[in-house]
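Quick setup: one chain, the form predicted on its own, written in C-alpha cells, and binding and motion questions come after.
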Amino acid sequence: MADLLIRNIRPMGGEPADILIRDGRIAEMGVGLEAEGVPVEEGRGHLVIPGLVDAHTHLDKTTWDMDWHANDQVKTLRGRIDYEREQRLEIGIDPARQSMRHALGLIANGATLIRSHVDIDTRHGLAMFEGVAATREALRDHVEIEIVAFPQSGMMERKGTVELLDEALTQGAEVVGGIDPCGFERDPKGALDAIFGLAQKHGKPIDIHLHERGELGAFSMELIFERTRALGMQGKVGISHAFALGAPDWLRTQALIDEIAALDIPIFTTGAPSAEVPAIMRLKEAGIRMGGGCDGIRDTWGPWGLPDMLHRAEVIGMRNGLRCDFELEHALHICSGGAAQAMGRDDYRIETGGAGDLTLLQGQTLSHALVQRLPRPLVVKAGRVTARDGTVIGKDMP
C-alpha cells in the first residue's frame, strides 16, 4: 500500500481532476489537490480507468519468448489437452518462468488484477500451481494474481485429481475450477458433486469452463443452477466461456440468461472468434456481471493472442459486432472494473474509497483509447507505480 497524487487526469473520460491515493485507496478527488510529502505524478490530461483486469487466463501455458512452437496437433479439445499435458516438459514450458513472462506483459499493458486457471493433474501434480504461486509472490507489489485450481485433464477418469485440487486449495488457490461436466468429464453428477464439495469444504468460489454448446451446454448449466440454488451459493459460482449462450435459439438462451441473472452467476468470456459466444450487450441488459480474459496466448493450443486487455476488449468487441461508443465502453468495462466486480471486487471504481488500482489511457474518449490501443502512460497498483509507457518498473523479463 502506498500514497500517490496524480494530477490532471480525466476519470472515466470526464472532466479533468486530481486523484489522491492514501494507503492504497482513493482518498480524495478534486481539482488543485495538495498533499505534503506525497509523491506526485503528472497525468497530462490522460484518461483514467480502474486497473485493467484479465479475468480468465492460463499463466502456466504460454510459450511467450521461447523458440517458436510449430502447432500441428489434433483440433479437438481432448487432443489439445492430452498433447499439452504429456509434452509440456519436453517443450520446456517452465511454469514459473513462463507465468512471469505472461504476467509482466499484462502489467506493462495496464493490468492490476489477474485470474489464472492453473492445471492440476496426476501427471504433474502441483508443479504448475507451485510455479504460478511463485510468480504471484514475486509480483505481489505489481499485480494481484488469483489462482483457480483447474482440473483441465478431468477428475472422473484420473483418480487422485480431486485430492490434488484439495491440496492446492489448502495451499492457497483461491477458486475451485472445473471443466465440461458432460462433454469432457462424462459424469456430470460426479464432477459437479466434487467441484461443489471442494467449494463448500474450503469456503471458495467456483469458476467452471463450459465449452459445451447447444442443448448439452444448456443441460450442464441447469445442473449448475440446481446446485447453486440448493447450496445457497448465489454470487459465488461463475461460468467461463458459456458457449451455449451463443446458440441461435433465442427463447432457449433467454431462459438460461434469466436463471443466470436470478442466481447472480458471473460470466467470463474471451470473445473466442471460432466459437459461439455470449452476447455481452444482451447480458448487460439482464444485469449479469461479466469479465473478459485473454485465455491462453501463444501456446500449444494456438499462436494467437497478446498479454494486453485492450487488445482483448477489441477482440470481444469485434466478435460481438460492436460499433457504437457506449458498446465499446462496455467492452472496455468488462476488461476493467466490470471484470473485477465479476470476481467479487466491488471496490474497483474511480471514486472516493475505491481501490488505488488505476490505468491511464491515451485518447479523446474511452472508445477512442480502446481502438487506438497506444502504450499505457501509467499503471498504478494500490498507490504504487508499476509500469510506465509500456515498461514494467522494478522487474525484468526472465
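Note that this is a predicted model, so its numbers are computed, not measured. When you see a residue number, it is the position in the sequence shown, counting from 1.
Beyond what is shown, the protein has a form predicted in complex with a further copy of the same chain; the following relates to that form.
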Problem - Among 255-263, 184-192, 300-308, 167-175, the region lying within 4.5 Å of a further copy of the same chain in the model of the complex by heavy atom distance - result: 300-308
Exercise for the section: With heavy atoms only and a cut-off of 4.5 Å, decide whether residue 80 touches a further copy of the same chain in the model of the complex. Expected result: yes
Practice task
Report yes if any heavy atom of residue 317 sits within 4.5 Å of a heavy atom of a further copy of the same chain in the model of the complex; otherwise report no.
Solution key: yes
Exercise for the section: May I ask you to check whether residue 370 falls inside a 4.5 Å heavy atom distance of a further copy of the same chain in the model of the complex? Expected result: yes
Handout entry: Exercise: residue 287 in contact with a further copy of the same chain in the model of the complex, heavy atom 4.5 Å
Key = no
Completion exercise
Residue within 4.5 Å of a further copy of the same chain in the model of the complex by heavy atom, from 160, 92, 203, 273, is 273
Practice task
Select from the listed residues 221, 322, 100, 280 the one whose heavy atoms reach within 4.5 Å of a further copy of the same chain in the model of the complex.
Solution key: 322
Exercise for the section: For the heavy atom contacts within 4.5 Å of a further copy of the same chain in the model of the complex, list the residues of 343-367 involved, in sequence order. Expected result: 364, 365, 367
